[in-house]
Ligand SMILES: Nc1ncnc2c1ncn2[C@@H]1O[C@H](COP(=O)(O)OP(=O)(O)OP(=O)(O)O)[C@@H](O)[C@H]1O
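Let's start with one chain on its own, the form predicted alone, as structure tokens.
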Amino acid sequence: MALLSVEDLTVELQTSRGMAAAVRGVSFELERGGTLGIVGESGCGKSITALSLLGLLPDGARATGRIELDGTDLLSLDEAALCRIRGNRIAMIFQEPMTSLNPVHRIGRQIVEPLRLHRGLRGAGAQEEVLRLLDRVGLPDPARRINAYPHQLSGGQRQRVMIAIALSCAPDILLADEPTTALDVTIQGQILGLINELVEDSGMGLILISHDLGVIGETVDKVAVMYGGAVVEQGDTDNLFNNLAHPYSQGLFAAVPRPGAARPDRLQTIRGTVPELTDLPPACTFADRCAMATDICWRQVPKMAAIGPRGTVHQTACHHVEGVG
């Protein structure tokens, strides 16, 4: 049985124009020690999907489907039960540490909180564990930094603190939502290398959300491409990257500049923009931007189906891809 199984997850958010689906029928699995990357443009439902796993949706949101952690449906749990899971069995590295860390508390106190809540550590034992975690994530001079406030640290150092908090209770699953946003390239590499090392050492599962296709290609074993709140293509990383099937996936990769390639007059783009949640096409969410769209794309939701040779893990949801079924 998979460690995490998400089946037909749909999340509706309250908007000024009524309820709108931000996530539509998303399904995927994560094995113990497995790594999954979720890619797509801003507004495609990546972060909402991750927040659904923790029960951290906005007020008024409605989530249906199933999110099973070791067979337990998280959507059926009350707030008290979810609090025992958050930061303990499932932890998250948020996108921007400066807004995720509390600016009025020293970082040591913020790392101690999950240790106290979930592991019962206090006093010298908690202090010792905080220093060990800060050293493990590579924060320089942890004995001095433990008393620093977030604004006294650099962006890369703050992200290391966020990783220390996420790792404090040895979670089964680590969610990393754009963990290198606003960091320079060198620091990005260090942070991603650290996350990879920690995942390999601990055997935890990783769900990495990123706009950077290069990062996804180098970091995870499986990929899910999202658009308009739906997964439009998913599969083993190498197989998917080498055999792009969905028009949206093809458009994303075509827009990436490639070192050494002949320089075009301009990069390729996907026509149009991501529509508002309330304006998404009723069937295929990509229909209004797709050059292949026909009448069926507007009338019938495409089902996720296997493509390629037998035995390969590669699926896509498109009415016009050869080999579907």
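The first residue of the sequence shown is number 1, and the count goes up from there. Because the structure is a prediction, the values reported are computed rather than measured.
Beyond the structure shown, there is the form predicted together with this ligand, which is absent from this document and is the topic of what follows.
Although the partner is absent from this view, residue 96 stays clear of this ligand in the predicted complex, with no non-hydrogen atom inside 4.5 angstroms. Though the partner is left out of this view, residue 211 does reach within 4.5 Å of this ligand in the predicted complex, counting heavy atoms only. Not displayed here, this ligand is kept clear of residue 27 by more than 4.5 Å at the level of heavy atoms in the predicted complex. Within this chain, residue 43 lines the site of this ligand in the predicted complex, having a heavy atom no more than 4.5 Å away. When contacts are defined as a non-hydrogen atom within 4.5 Å, none of 6, 70 and 231 contacts this ligand in the predicted complex. Considering this ligand in the predicted complex, the lone stretch of 47-55, 283-291, 29-37, 296-304 in range is 47-55 [heavy atom distance within 4.5 Å]. Contacts to this ligand in the predicted complex (heavy atom within 4.5 Å) from stretch 177-200: 178 only.
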